[in-house]
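We begin with a single chain expressed as structure tokens, specifically the form predicted alone.
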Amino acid sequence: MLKKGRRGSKLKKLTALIITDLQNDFMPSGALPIKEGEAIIPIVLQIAPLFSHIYTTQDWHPNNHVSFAINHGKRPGEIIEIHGKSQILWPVHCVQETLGADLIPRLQRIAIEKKIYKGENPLIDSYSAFFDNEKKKSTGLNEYLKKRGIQKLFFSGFATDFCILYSIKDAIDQGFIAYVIRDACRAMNKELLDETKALVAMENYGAVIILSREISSYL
């Protein structure tokens, strides 16, 4: 029988922190700034040492990406139909190999095990850390996690009402136990109460909504 300390260490290895899209273009001076996005940086840096496995995701779009308003002669925020589904149009952001697509510099302090890139297909948008929005292609994260026996995923980053929401649903669908670290996330909030609606939707789907100070209780 494992002693408590060793057992806790073993269980910790089955958990992972997913830092979602903490990229320059979502910062205040970026192409698609998220309000108060910079406020989560100290929290993410503080909680990172609690985890044995840390993964990051990055939007990694080509210039001709379907979600860019300019590629349709439209304005950001407009909604069009692509492949029979609604597509929100965004400003050009997180273009591959640009400074805007890079992770924020302060994440260099964290031991990141693997970086996951999404949104590379110019024809399909991709919010989730696991699959594109049409479930046609996997990012490889699901397979990577399961190969290592990881069971619990703790999500932080951007945006609560888009990439976090989609990632949480896919994580649960793939059999993971999923946690949203509420104060380590920020929402796009295109409409009033989008963040609240997203948190309720994730909780109803089976996610556990927690605060950063509560993490140790769930490891």
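Remember, it's a predicted structure, so these values are computed and weren't measured experimentally. Just count from 1 along the sequence shown to find any residue number.
What follows is about the form predicted together with a small molecule, which we do not show.
Enquirer: Only one of Ile54, Ala159, Ile47, Ala178 comes within 4.5 Å of the small molecule in the model of the complex by heavy atoms, so just point that one out.
Expert: Contact residue from the list: Ala159.
Enquirer: Which residue, Leu32, Ile41, Val66, Ile150, has a heavy atom that falls within 4.5 Å of the small molecule in the model of the complex?
Expert: Contact with the small molecule in the model of the complex is made by Leu32 alone.
Enquirer: Look at the candidate spot formed by Phe26, Asp59 and Met188 and say whether the small molecule comes within 4.5 Å of a heavy atom in all three of them in the model of the complex.
Expert: The answer is yes; Phe26, Asp59 and Met188 each reach the small molecule.
Enquirer: Counting only non-hydrogen atoms and a 4.5 angstroms cut-off, does Ala184 reach the small molecule in the model of the complex?
Expert: Flag for Ala184 set to no.
Enquirer: Though only this chain appears here, would Trp90 touch the small molecule in the model of the complex if you measure heavy atom gaps against 4.5 Å?
Expert: Yes - in the model of the complex, heavy atoms of Trp90 and the small molecule come within 4.5 Å of each other.
Enquirer: Within a 4.5 Å heavy atom cut-off, is Tyr127 in contact with the small molecule in the model of the complex?
Expert: Yes, Tyr127 lies within 4.5 Å of the small molecule in the model of the complex.
Enquirer: Want to guess which of 77-85, 90-98, 140-148, 107-115 is within 4.5 Å of the small molecule in the model of the complex, heavy atoms only?
Expert: It is 90-98 that comes within 4.5 Å of the partner.
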